[in-house]
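Starting off, we have a lone chain in the form predicted alone, written out as structure tokens.
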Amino acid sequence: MGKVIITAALTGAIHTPSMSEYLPFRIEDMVEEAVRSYNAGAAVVHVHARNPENGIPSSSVEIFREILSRIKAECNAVITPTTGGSYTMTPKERLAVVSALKPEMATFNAGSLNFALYPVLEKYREFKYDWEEGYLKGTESFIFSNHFESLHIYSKTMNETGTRPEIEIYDVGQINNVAQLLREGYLKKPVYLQYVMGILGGIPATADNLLYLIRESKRLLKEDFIWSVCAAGRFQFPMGVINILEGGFWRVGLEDNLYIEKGVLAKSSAEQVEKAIRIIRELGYEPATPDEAREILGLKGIGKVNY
């Protein structure tokens, strides 16, 4: 159709406030970032909650409720909260936002992996907040747990709330996990995949690996999927271009990459959205509107959420 869904991932749980003065974590900043990204052309905004006092990742349903309801009041974007959260949260805490708020779509992590951030400590020596250094160091022993029992619970909850899973694929074996969940009836076709590339512990962000992920998805899922890609750091734009040419969609934002170009911090996820849209238009595509994204993804609509 020539329409590309652009997602803006606003803050995530990887970067800490000391890494960029532009990383949003206060509620009003998150809402402003969402609206700015929407106005720039993003159809979807992906939301993590943070403690508005110090920026530490939070699973608070009340913080999520305020962020999501204020974004909803100010723009028509599809709002996708995380169920990945951070390594300090239990699976129950991570899933609470779906049970309580019943969003149109939420992330669904398709398997377990090492999820390591500790190497960035070589780059950052001073921190604004006491929690940052220990938080990053703690990922040296972190396994991001998404075993089949929890995948069954997540699937059932999303089915009950009418929430579309955005299935995060960190490595190729997780595609097989998705195929198994389809066979068991926990997931419904067509599934929506998000290839997450470049995380230490997951699949590296290379052209060959992206094409391999797409090929294996076609083999295992029998074409019953649509997909997007996000890639860490400097790989954000190269992987996105390749993915668009292969027929997929694209996620940008400060969650994945703090920079707009080499050595230049992005002042907003909206800057990355604008750059992505300039690129896709040069390639002959157009960004999907939020309502077009809802139709493509088969979402229930903003009127059926609980916030």
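Quick note: we count residues from 1 along the sequence shown, nothing fancier. Small disclaimer: the values here were computed from a predicted structure and weren't measured.
In what follows, reference is made to the form predicted in complex with a small molecule, a form of this protein that is not presented.
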Legend entry - Options 253 to 261, 237 to 245, 278 to 286, 64 to 72; stretch whose heavy atom lies within 4.5 Å of the small molecule in the predicted complex: 253 to 261
Inset, instruction - Let me know the one among Leu151, Val196, Leu193, Val98 whose heavy atoms come within 4.5 Å of the small molecule in the predicted complex, would you? - result: Val196
Inset, instruction - Taking 4.5 Å between heavy atoms as the contact cutoff, choose which of Thr163, Ser217, Gln174, Thr83 touches the small molecule in the predicted complex. - result: Thr83
Inset, instruction - Using a 4.5 Å heavy atom cut-off, state whether His48 contacts the small molecule in the predicted complex. - result: yes
Legend entry - Glu132, heavy atom within 4.5 angstroms of the small molecule in the predicted complex: no
Legend entry - 4.5 angstroms heavy atom contact with the small molecule in the predicted complex for Met19: no
Inset, instruction - Answer with yes or no whether Leu23 is in contact with the small molecule in the predicted complex, where contact means some heavy atom within 4.5 Å. - result: no
